[in-house]
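Only one chain is included here, represented as structure tokens and corresponding to the form predicted alone.
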């Protein structure tokens, strides 16, 4: 049974759980030489950071080769499982897809003989997935487009008169419907179950002014190329773009927090090697390295000791940021993702 993440537990802070010693056990000798493991994630700066922080240490320790693939796509994932021979061995998925995938039998069970799950905050451990990062959807905005003051809340995103310009939203109902309802005045603790009709009515306000993104790299590039002035973007993507000189900032008001999980697709041809790669991804030093590269919060609490203090304002789990945020209800999306995705597609085409 998956341990569902609740608003109360996640916002309690990342330092709550006891962690294993920082000195991680060795990954063994180069006994996987000749083995190829395919890792699928979300592309761009995030997957580049995963490659450096997770995959390269695994290759060095085991002799295996890790091939990068992606971006992660739920429909493609399902098609692989249906074929019986998935191309991917480890995938980085959202918590919402984890919940749906467990129900639909898409994953191998986590092998605790090969993965030391005790390193990970127990709130982020499931029978079928291991949490790797905590991230948030934020209101991102151009630092040059609004000389009279920047947008701060989701309501500002929908105020085209005060804050003119093109908008961007993820091409998905997940988080987008929450954004619309928060902008329309619904309190964070009253969001679920979502008032779907009200959300789509609010989204109509900016629909014709919106560029929809399907990958996180695309969302980042839209701001870099100045195609949009404000919209929904992940906190780590804003950090990466800002470090590279883009004129972009974010607001932490009403940030929507989620957890990504590492899973092994059912039928993986390299199951044991895949499990060992996930084990490498749980190590504190590796998670700290990733956080220092792209500002996503680790799930191994020991990793916080090695994160550059200058990064704290960029982490969604920083106390000041969690106080201003909320947690996406994974169980709600487990039960409603399919039908709301169909409605989202119909709304976009209407």
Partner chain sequence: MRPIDRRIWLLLPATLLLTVAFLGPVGWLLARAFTFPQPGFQNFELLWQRPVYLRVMGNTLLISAIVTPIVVLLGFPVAHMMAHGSARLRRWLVFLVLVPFWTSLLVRSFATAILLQRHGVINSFLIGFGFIDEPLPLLYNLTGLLAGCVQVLLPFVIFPLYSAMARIDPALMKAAATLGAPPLRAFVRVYLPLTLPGVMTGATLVFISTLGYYIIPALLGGARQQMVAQLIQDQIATFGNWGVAGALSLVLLLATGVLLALLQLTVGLKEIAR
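Nothing here was measured: the structure is a model prediction, and the numbers come from that model. Numbering follows the first chain given and starts at 1.
This next part talks about the form predicted together with the partner chain, which is not shown.
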property: Check all three, 207, 337 and 346, heavy atom within 4.5 Å of the partner chain in the model of the complex; result: yes
property: Residue 197, heavy atom within 4.5 angstroms of the partner chain in the model of the complex; result: no
property: is_contact(residue 114, the partner chain) in the model of the complex, heavy atom dist at most 4.5 Å; result: no
property: 4.5 Å heavy atom contact, residue 143 and the partner chain in the model of the complex; result: no
property: Residue 118, heavy atom within 4.5 angstroms of the partner chain in the model of the complex; result: no
property: Candidate stretches 123-131, 105-113, 268-276, 71-79 - the one whose heavy atoms come within 4.5 Å of the partner chain in the model of the complex; result: 71-79
property: The single option of 158, 212, 239, 252 touching the partner chain in the model of the complex, heavy atom within 4.5 Å; result: 212
